[in-house]
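What follows is one chain in structure tokens, specifically the form predicted alone.
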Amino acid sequence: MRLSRYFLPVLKETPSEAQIASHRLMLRAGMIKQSSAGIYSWLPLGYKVLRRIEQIVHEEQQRAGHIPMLMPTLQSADLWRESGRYDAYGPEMLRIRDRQDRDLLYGPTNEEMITDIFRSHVSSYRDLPLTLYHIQWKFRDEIRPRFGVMRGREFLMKDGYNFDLTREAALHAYNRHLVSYLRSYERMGLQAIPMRAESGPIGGDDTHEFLVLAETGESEVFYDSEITDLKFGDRRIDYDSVEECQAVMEEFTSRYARTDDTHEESAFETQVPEERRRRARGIEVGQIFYFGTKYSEPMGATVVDPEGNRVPVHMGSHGIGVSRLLGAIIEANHDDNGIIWPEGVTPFHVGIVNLKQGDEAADLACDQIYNAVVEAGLEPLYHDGDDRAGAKFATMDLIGLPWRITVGPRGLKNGVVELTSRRTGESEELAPDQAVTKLAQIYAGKL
């Protein structure tokens, strides 16, 4: 994409309403525009990152054997009355009445709807296990929306729902989700720590939140510092193996890590040596739940078991905040000059800066590099405007592309261009074809 043909409304000044880094930088980088309190339009740059995050989530869910679908944003209140949550959920739920005087709601979550779908189509244990998921916009009428997409009223979320015959099978689904989440977050350049948490209005006794450590986090967290040394990496996991998934669960949850809702100071002091005790802030980016038959019993979601008995299925709910993740990634990856995108989620893989637009040799070299980058399967953003070099660099630093190729008449006379890392600031002079080859090697396995 040539910047002269792109819509990138960057701001020089920081909007006064932005209180945290991700909100400031998303507004300044032209990624979002507020429509009303807690509701945003996603402009082209922000939308590209949002879709990259969504694609990673899709890939990792399907790798784990989970089946994608799509449920509507509006739900019947009757389903929620069946489960007993319609009146209990609170004012965060946006309630609506249509022209036929039927009560509807804008879904904050989908346990009731997915249970209704299941009970309508599944009746035998032979159809289990089953995990369905979707990625859909949701709405919760926060009393005080703030921090941009980190605590908005409208947000994009992945919900997954497992249906199993027994508690043991459902807990395997729980572990399977934990593994898939660890893989997803690491592909996005994040370390998200699973922490024992409260279930809240979802219900159930078993639940872990995934939190990214950040000073602006809304939750206080307590953890053993050893957990920050854990990496899932590129290991291969058989998602059908109870033993392999359980081993990952134990590896990542055996050390003390809790949110303030479940923290016990005495247990913290007993289980964690003083030199490894940490207190910090964390941003929640996902949560997994096992809640047994909480929804299947009142809503009649049953199957016939091998003995011929009709029994309620065991269920779990598993969410990832897709739009919230974008803010969390920026909170964990920025400096004074702007965003620093990890390679796995960057909107463009490299920025090309022409130091002397209109110079025949520089223009030709930029065009050739642009085409070579595209042929390598990468997306470049070519800053082909007439701005001064300093302004071009500032824009590239603000929007945070991981790599920049700088092309100028002086370097071309020596047969080189400059390849610069946004994260480290280090530059290397290479022949144009070598710069493209190096980029392709960097991104190999990250796309």
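The structure displayed is predicted, hence computed values, not measured ones. The numbering used is simple: start at 1 and walk along the sequence shown.
Keep in mind that the form predicted together with adenosine-5'-triphosphate (ATP) is not shown, yet the notes after this line are about it.
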In the predicted bound form, which of the stretches 118-126, 283-291, 69-77, 299-307 has residues with heavy atoms within 4.5 Å of adenosine-5'-triphosphate (ATP)? 283-291
State yes or no: in the predicted bound form, is some non-hydrogen atom of Val313 no more than 4.5 angstroms from a non-hydrogen atom of adenosine-5'-triphosphate (ATP)? no
Is the gap between Glu82 and adenosine-5'-triphosphate (ATP) in the predicted bound form 4.5 Å or less for some heavy atom pair? no
Could you tell me if Gly319 has a non-hydrogen atom within 4.5 Å of adenosine-5'-triphosphate (ATP) in the predicted bound form? yes
Using a 4.5 angstroms cut-off on non-hydrogen atoms, would Cys366 count as touching adenosine-5'-triphosphate (ATP) in the predicted bound form? no
Among Leu105, Met157, Leu355, Val221, which has at least one heavy atom within 4.5 Å of adenosine-5'-triphosphate (ATP) in the predicted bound form? Met157
None of His349, Arg183, Arg140, His263 but one has a heavy atom within 4.5 Å of adenosine-5'-triphosphate (ATP) in the predicted bound form; the exception is Arg140
Residues of 142-158 having any heavy atom within 4.5 Å of adenosine-5'-triphosphate (ATP) in the predicted bound form, listed in sequence order: Glu142, Val149, Met150, Arg151, Gly152, Phe155, Met157
